[in-house]
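In the form predicted alone, a lone chain appears below as structure tokens.
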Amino acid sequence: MHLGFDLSWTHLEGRWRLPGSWSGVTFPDVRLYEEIALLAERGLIDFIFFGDGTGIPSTWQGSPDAAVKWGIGWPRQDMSPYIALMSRLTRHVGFGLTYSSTFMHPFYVARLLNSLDHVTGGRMAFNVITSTRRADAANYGFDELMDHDLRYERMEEFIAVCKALWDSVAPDAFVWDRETGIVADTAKVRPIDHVGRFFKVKGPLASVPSPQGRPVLIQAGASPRGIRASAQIADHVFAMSPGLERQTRHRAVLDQALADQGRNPQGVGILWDVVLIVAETEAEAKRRREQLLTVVPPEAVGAFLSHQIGYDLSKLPAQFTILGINEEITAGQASPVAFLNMTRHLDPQATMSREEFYDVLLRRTASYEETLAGSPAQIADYLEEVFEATGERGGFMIAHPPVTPRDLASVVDYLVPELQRRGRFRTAYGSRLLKDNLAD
């Protein structure tokens, strides 16, 4: 199985203040990330992943004040320069960078990722997303969120343009002949002349082809439309872990969508999101899990959840059903999948009060219910069960570590050796290229 470290939230939602987090330095000190890069490489981790958001959450009560006060979804940096620095300390671990196809332009992103693939020596992945957060949209001139299906159409065209640009200069185009002065073969450099619904791009990409040719493509659509998009564009899929039954169903639906696209389902892995605390003993892991309930102050819960789903939960009526609220979220072009994942253990048709809802969702905000806490053997048992049930293709994204760097070090020192003992994880990197390591 493959393992990634998801660093999207390591400094947010109160994690920065729990015992075991860094002391003496704070985000965005590059030393934090250099330390993680060395740790990940020591643990033979496939890649380090950075999700992103470009706006300060303001969905809750129409104001960013709560997010600013409690560190909800902000601050964030563009992690591309951090990746460049981390790559100089390592040789094998890969890096996943997120940009939104809803807001960005494909020429800029294709050029940037080409450059980063050169800097890292062929270790880049591109997590392409569609954006559902109003705070992000407002920074790019949008008054409203783009229609759900339209976002995916734009993303598919975005990736088509990127791929055409990455292919617009042949791998052997450059000759650099010192005697004649010829730099490149003109027959191997061609414009793409793309004219589509969303983009018009002449091309070619004015860059040297990168070590991988193009970055590994990751996509996380979970709706039926999102899964169709994944089947068309993704090398690997990033997905939530909503329970084994739904995970096996996701795998089956994705496999059918891949087959419909004429692609081999065996070649596309799912990287399941998993939050875990591994310790020498089960008792110690569970003791530390209890600390999660102190991470997010109750006053910050509404701001966090509203940002995640793109719906202002301060407007909840005194009594409501999950089903009714989900219909409003869908009508507003926000994220019904995120809301349903947060509330999947609740009866969608049962009437509940605001107070009951917030009490339940406080535990969800802290990832308390989702966090696996146990000994190395117990965590490995769970990972093996999911891995086998979902076709033994892909692996796990270790997401939202409760405490950084402690919980990442525990993965390397406790969990990785247990997986190696079972023959489930590499004992050495097989390649310098990320695409090859993820294909093993």
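When you see a residue number, it is the position in the sequence shown, counting from 1. This one's a predicted model, so the numbers in the text were calculated from it and none came from an experiment.
This protein has a second form, the form predicted together with a small molecule, left out of what is shown; the following refers to that one.
- Within 4.5 Å of any heavy atom of the small molecule in the predicted complex lies no heavy atom of L276.
- In the predicted complex, H148 approaches the small molecule with a heavy atom inside 4.5 Å.
- Within 4.5 Å of any heavy atom of the small molecule in the predicted complex lies no heavy atom of G55.
- Mapping the unseen interface onto this chain, Y368 falls outside it, with no heavy atom inside 4.5 Å of the small molecule in the predicted complex.
- With the small molecule omitted here, the record of contacts in the predicted complex names 215-223 of 180-188, 352-360, 215-223, 298-306, defined by a heavy atom within 4.5 Å.
- With the partner omitted here, the residue from I325, M86, I233, I129 that has a non-hydrogen atom within 4.5 angstroms of the small molecule in the predicted complex is I129.
- This chain is drawn without the small molecule; in the predicted complex, the residue among V93, C162, L254, A239 with a heavy atom within 4.5 Å of it is A239.
- Contact check for G51, R133 and Y152: all three have a heavy atom within 4.5 Å of the small molecule in the predicted complex.
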